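In structure tokens, the next block holds one chain alone, the form predicted on its own.
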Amino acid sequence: MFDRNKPYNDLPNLPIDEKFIDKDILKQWGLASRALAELNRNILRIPNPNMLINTIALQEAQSSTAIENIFTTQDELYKAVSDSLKEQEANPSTKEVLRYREALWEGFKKVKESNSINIEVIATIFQTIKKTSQGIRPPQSQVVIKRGESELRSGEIIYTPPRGEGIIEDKLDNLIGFLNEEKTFDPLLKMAIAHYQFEAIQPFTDGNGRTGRIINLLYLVSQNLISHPVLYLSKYIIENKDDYYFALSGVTQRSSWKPWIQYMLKAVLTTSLNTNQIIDDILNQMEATYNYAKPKLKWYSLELNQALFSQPYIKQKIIGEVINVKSRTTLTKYVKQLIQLGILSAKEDGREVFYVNNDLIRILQG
């Protein structure tokens, strides 16, 4: 019997029994798989898919950290992304969000190299998020999960993860083996099952939720279900947070896998459809902006158009580098023309000026 006050060392190893995968789950899996495949096709329509790391992935980073009650504003984020100095001066919450995006990017590069999820990938994600050299939590670490300050019975223990010499390592080895073997379950089902298992193991002293959500995306990349980690799952989890934690606890307390897997598949379906719409809107707006600007500005290029849609805020210096203009006078004239045409707007921050793509912000904020 599960006891929330004792380490859950009896957490069952994977795989789960196939009896949990019934026709309801298979129907939901079919819908989610088709939506995810369409998203992947849409990602590849973008001239430079990596630009999504600066747009959709930034939204994912903000939402994922917000789940952990770490909040920052869009304005702070956009300024920090467009200016390395601003990033260094950013407040702690903004730096947490930016580290999430950095962890997503670093993990993505490692997955592309190894084409698998392994302990090095997982450790890199965690260490980047927390800016630490720490690894798997030691056996003496008394980690427990408690109710939040805003909940009834605040501070009450609701879960105690596995603990003891070699136990966490064994559970992680089993999880990684499950993800990388090819005999059981479709990868989309594996992602849902493995996410519960990772959250139940809680292998690190902190940052497990964010690490686990990045692993979800990178696993789908490793299985060639999406080319880039831009599935915006954290927004769905925030909007359905109570259901998320209820379904998680259902697996722990009653081995109730069906609601959990259905929840995750619905998250993939909903998020795929929403992300598809965002990509469509970005591509349509990029084309409309280029077709509007090019006849009026002979110097306006496709490369500049792409740069303006790679991040919501941009500095004048970056514009100059893209169009290869070194004269400050000429560059200032060009930026003024972009403002006059409504392609950008100026936003002052003390002595600095950022140039804002309001159409991109409108799309990202929905």
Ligand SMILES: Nc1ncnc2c1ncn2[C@@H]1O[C@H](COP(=O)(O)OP(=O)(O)O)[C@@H](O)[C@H]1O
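On a predicted model such as this, the values are computed, not experimentally measured, just so you know. The first residue of the sequence shown is number 1, and the count goes up from there.
Another form, the form predicted in complex with the ligand, is not on view; read the next lines as being about it.
The candidate spot formed by 68, 202 and 248 is fully in contact with the ligand in the predicted complex: every one of the three has a heavy atom within 4.5 Å. Of the candidates 176, 273, 283, 145, 145 is the one whose heavy atoms come within 4.5 Å of the ligand in the predicted complex; the others do not. In summary, among the residues 206, 76, 186, 106, the only one with a non-hydrogen atom within 4.5 Å of the ligand in the predicted complex is 206. Not displayed here, the ligand is kept clear of residue 263 by more than 4.5 Å at the level of heavy atoms in the predicted complex.
Although the partner is absent here, residue 159 lies within 4.5 Å of the ligand in the predicted complex, judged by heavy atoms.
Proximity of residue 213 to the ligand in the predicted complex falls within the 4.5 Å heavy atom cutoff. In the predicted complex, the ligand sits within 4.5 Å of a heavy atom of residue 244. The partner is not drawn, yet in the predicted complex one stretch among 132 to 140, 220 to 228, 165 to 173, 193 to 201 has residues with heavy atoms inside 4.5 Å of the ligand: 193 to 201.
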